[in-house]
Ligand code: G3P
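Single chain ahead, by itself, as structure tokens, in the form predicted on its own.
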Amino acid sequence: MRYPRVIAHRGGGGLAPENTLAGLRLAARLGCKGVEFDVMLSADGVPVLIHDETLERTTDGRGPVAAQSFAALRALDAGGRHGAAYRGEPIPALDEVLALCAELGLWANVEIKPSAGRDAETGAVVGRMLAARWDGDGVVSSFSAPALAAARETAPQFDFAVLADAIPADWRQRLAAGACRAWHCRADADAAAIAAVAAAGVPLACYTVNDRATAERLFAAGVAAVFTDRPDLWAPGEM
């Protein structure tokens, strides 16, 4: 599996509205080779980019994402809270994002972020869209094992990663059970466990790393990649 060393968290890191096309474009301008973003379903089953199950933090909408149609979500402002320059930036659909990643040559970590009770449905929809629309490099991850399993059923040709806060003692078994080839975890996971995963040749990516000193310590320990809100801390050739 190929991982870029520095991956823009939620599309553009903290430098642009998260999970937006504007964020992806900024990441590419900064020289990022890879981006990570979150995918959830609208009420009518359209996969869209958003992290929270509710709209208030990142948009001018209110209430659950899963209660809104794609048309209603599309009418919201997902950029204004980040600053006037981004006012009117919409919530993008996954197919738009995949097309832009292909255009910009971006490696993509598609994180399946199902709303409550829609794990398998979300995984299946995302998997079908990836199978139909994506032929670039990347990995699919999720905190939800049912979502990953459903995505793998519909898109078995892709690489999958376990996403967890830490690295448990049975990490090998969990990788095998999920047919996953990589592990994603917090940057403050146990150092000995990080070393063990890296020594086994399993790609390991850590979140969310917003200073170079921590990133360099993780790279020295064998970590393949870091997710960051501050991709501007690296020069293009370092990413």
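Keep in mind the model is a prediction, meaning the values are calculated, not measured. We number the residues from 1 along the sequence you see.
Keep in mind that the form predicted in complex with the named molecule is not shown, yet the notes after this line are about it.
J.: Is there a heavy atom of residue 82 lying 4.5 Å or less from a heavy atom of the named molecule in the model of the complex?
T.: Looking in the model of the complex, residue contacts with the named molecule do not include residue 82, since no heavy atom lies within 4.5 Å.
J.: Residue 163 near the named molecule in the model of the complex, any heavy atom under 4.5 Å?
T.: Yes.
J.: Determine whether any heavy atom of residue 51 comes within 4.5 Å of a heavy atom of the named molecule in the model of the complex, and answer yes or no.
T.: Judged by the heavy-atom cut-off of 4.5 Å, residue 51 is in contact with the named molecule in the model of the complex.
J.: Going by a heavy atom distance of 4.5 Å, is residue 143 a contact of the named molecule in the model of the complex?
T.: Yes, residue 143 lies within 4.5 Å of the named molecule in the model of the complex.
J.: Mind telling me which stretch in 194 to 202, 61 to 69, 209 to 217, 36 to 44 gets its heavy atoms within 4.5 Å of the named molecule in the model of the complex?
T.: It is 36 to 44 that comes within 4.5 Å of the partner.
J.: Out of 1 to 34, which residues reach within 4.5 Å of the named molecule in the model of the complex, heavy atoms considered?
T.: The stretch 1 to 34, when checked against the named molecule in the model of the complex, contributes 9, 10 at the 4.5 Å heavy-atom cut-off.
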